[in-house]
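Consider the single chain below, provided in structure tokens and representing the form predicted alone.
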């Protein structure tokens, strides 16, 4: 299948993305100022992290307060939205910001941090113009430029993928971007093949224990998924286009030993509506969630299941249990409500009590697919409100006993968006152990790093947290066996970092 066939099958040829209204220039100014002053009010905690973000950070070396575990050497790479202001223009949604790659190098008893903006085509074009030129995921600009292809909007701001000798910065609806893993210099778009050039490459690839990489692209308005089968060295083996409903926004998926699992939620898309991309997305509560079980060997759909409607961004591990398949799911509030809360948060507005209650009453669950009876059900897990699942990736696709999630502790103010607690569920003991950072912190995703030759779940957690009152960011290391006792080592940067999304840890000896 050539590139034109893939794009045609995927509905990208002639597709009017409609995210810009004309080729004319922006209005002279916007109503709100581009940069606000730092505030210690809880309602401004999240948005303050995006104030005064430079082109790069570091290298900055800071010492840990206690000796770092000797076997823990390597680099935590993180990605996330960073540039929210340019000239007189600014974004209103967290997901819009231009991406920034962070590298936290752990060595001996210290950590060295450096970071750099990802210089996508969009970034360079707008840098030259001195303003944002097109709509983002959640921000609409009157008289913005038209969007002719997905990479026109590519901010490369969601996650990273170490692949062979490369480090890829990932977005959700366009190309991956190559970044030098040592200098963090942007090297250009990643083109896996001429046939897939410009086809979306998701920000949540899944890696088998042997290093085999699986990924997908979702194609808004086309009812198609593109499947990628990639060797550990980064070479593309196969692609496949799958016919599927509810592919207007697909953020994550799961893998087992033999299957790829897609949980497709009834997000609708109105191609005639104007505004930002998120303004054109809707929700069909009357439609079911479609679950696809795709055979890894053939890349064909083996079974389809239905479940009552729910929304989720992220999945944990998944595995086959006899004739059943189990998938860990972190559910979220409905997408429209999530976008409303995020926009209020970025403006420093207090969310309404109804939104706060909804945010705190989502839950983590398992989807159970019975391949024999062709029935699906869900089982509640004991996390409550949680997200950013992490587990021992040496056992990806096989049953794991330990699941790490970010949660909200009782100390967290209700008008602060995010999490301040890291929690570990132990299936064998059927218990959760937690560590609460306190009321002044927003904790980001924590990554599981296995100890050498250890059993499943025995390792460290490495993660960052933003102290919004004192305007600094710290990195903490936890031992999973003693999580409730707090970090075994902490270091604190003399500055704060913009709150990001996802990362990966690369050991020095892996």
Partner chain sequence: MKHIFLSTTVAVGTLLFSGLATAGTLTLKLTDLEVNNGDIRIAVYDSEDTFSKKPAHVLGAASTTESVTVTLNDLPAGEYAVMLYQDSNGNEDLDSNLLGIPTEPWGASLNGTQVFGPPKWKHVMFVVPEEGTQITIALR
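Numbering follows the first chain given and starts at 1. A quick note: this is a predicted structure, and the numbers were derived from the prediction, not measured.
Although it is not shown, the form predicted together with its partner chain is what the next lines describe.
- Remark: none of the three candidate residues (255, 292 and 309) comes within 4.5 Å of its partner chain in the model of the complex, counting heavy atoms only.
- When contacts are judged by a 4.5 Å heavy atom cut-off, residue 411 does not count as touching its partner chain in the model of the complex.
- Of the heavy atoms in residue 380, none are within 4.5 Å of its partner chain in the model of the complex.
- Contact check for residue 104: no non-hydrogen atom falls within 4.5 Å of its partner chain in the model of the complex.
- When its partner chain is considered in the model of the complex, residue 182 lies well away from it, no heavy atom lying within 4.5 Å.
- Across the options 431 to 439, 338 to 346, 401 to 409, 215 to 223, residues that bring heavy atoms within 4.5 Å of its partner chain in the model of the complex belong to 215 to 223.
- Think of it this way: in the model of the complex, its partner chain has a heavy atom of just one of 71, 299, 288, 147 within 4.5 Å, and the residue is 147.
- Proximity to its partner chain in the model of the complex, defined as a heavy atom within 4.5 Å, singles out one entry of 314, 113, 140, 93, which is 140.
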